[in-house]
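A lone chain, given as structure tokens: the form predicted on its own.
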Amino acid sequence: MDYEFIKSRLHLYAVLQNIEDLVQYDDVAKKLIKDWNIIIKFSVRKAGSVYLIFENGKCTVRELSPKKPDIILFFTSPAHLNKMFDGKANPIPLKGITKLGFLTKKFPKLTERLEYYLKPDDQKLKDKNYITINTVMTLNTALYALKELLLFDPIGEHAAKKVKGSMVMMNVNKGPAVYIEQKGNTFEVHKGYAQQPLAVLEFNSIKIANDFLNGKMDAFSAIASGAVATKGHIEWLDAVSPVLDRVALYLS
């Protein structure tokens, strides 16, 4: 698969899912969507689609929706979606023309808040609450992106052959967790703790996880010092490690 296709899949399935956690952890976003009762569909030609379901002060991001969307945002190609994320293009509204006020005024405030947390800098990282939210999002993005890369990226496809029957979990000690498991010919990602994870990468604290995931900590030193622990099928962790390194190639 080509670069634009894979990048669009990461935007659709690894980046947008962070809105679920954004409205859970961030008071500004939580207040913004508290009265929203709306379903937005992002549809990308030849790449896929995802639904953002806002209801009862929460957001659920799914590939399928129990109800028809109120708004459909269509993208003519994977490159079109990627340009939107770069601020260089706009979607084509196929449904929801009467809700243009929502799309131009309210929804952008939420996406701006998402961007705020997905792009850390030294000043932002002085705030403990920011570190927590950024860590949760970075952790989740990593494994949702890993799924797409294992399925479509050439190096990922090679690694996928080495992790058959796998379940890999990444978590902070007594904190947030996310895991990926092989299901038939695909992979599924779940937020939260797996009951019986077969391979685990565990961080001692939110700060350590944030430094590690943002490339501010050497992996070998972190593991040697005990700041990061590996358990179970270490060979699976070794197999997916170079694939995780490729996330930045598409999303940086």
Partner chain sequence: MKVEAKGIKYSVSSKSKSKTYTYTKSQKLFQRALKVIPCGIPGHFSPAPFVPPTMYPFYAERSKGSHFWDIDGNEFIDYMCAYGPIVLGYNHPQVEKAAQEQNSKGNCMTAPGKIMVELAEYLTDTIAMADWAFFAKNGGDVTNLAVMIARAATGRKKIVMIKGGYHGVAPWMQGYGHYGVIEEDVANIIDIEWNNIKQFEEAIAANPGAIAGFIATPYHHPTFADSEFPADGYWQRIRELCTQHGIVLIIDDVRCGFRLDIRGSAEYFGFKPDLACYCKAIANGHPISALVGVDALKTVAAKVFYTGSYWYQAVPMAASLATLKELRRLNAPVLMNKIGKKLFEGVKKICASYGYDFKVTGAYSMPYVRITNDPSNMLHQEWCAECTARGAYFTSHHNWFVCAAVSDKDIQKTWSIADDVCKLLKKKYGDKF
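Keep in mind it's a predicted model, so treat the numbers as computed, not measured. Numbering follows the first chain given and starts at 1.
Just so you know, the form predicted together with the partner chain exists too; it's not on screen, but the next bit is about it.
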Should the three residues Pro93, Gly96 and Glu112 be counted as contacting the partner chain in the predicted complex, with contact defined as a heavy atom within 4.5 Å for each?
no
Among 178-186, 70-78, 114-122, 148-156, which stretch sits within 4.5 Å of the partner chain in the predicted complex, heavy atoms only?
148-156
Taking the partner chain as it sits in the predicted complex, is Leu198 in contact with it (heavy atom to heavy atom, 4.5 Å or less)?
yes
Can you tell me whether Ile223 touches the partner chain? I mean in the predicted complex, with a 4.5 angstroms heavy atom cut-off.
yes
Is Asp218 near the partner chain? Define near as a heavy atom within 4.5 Å, in the predicted complex.
yes
Does at least one non-hydrogen atom of Lys162 fall within 4.5 angstroms of the partner chain in the predicted complex?
yes
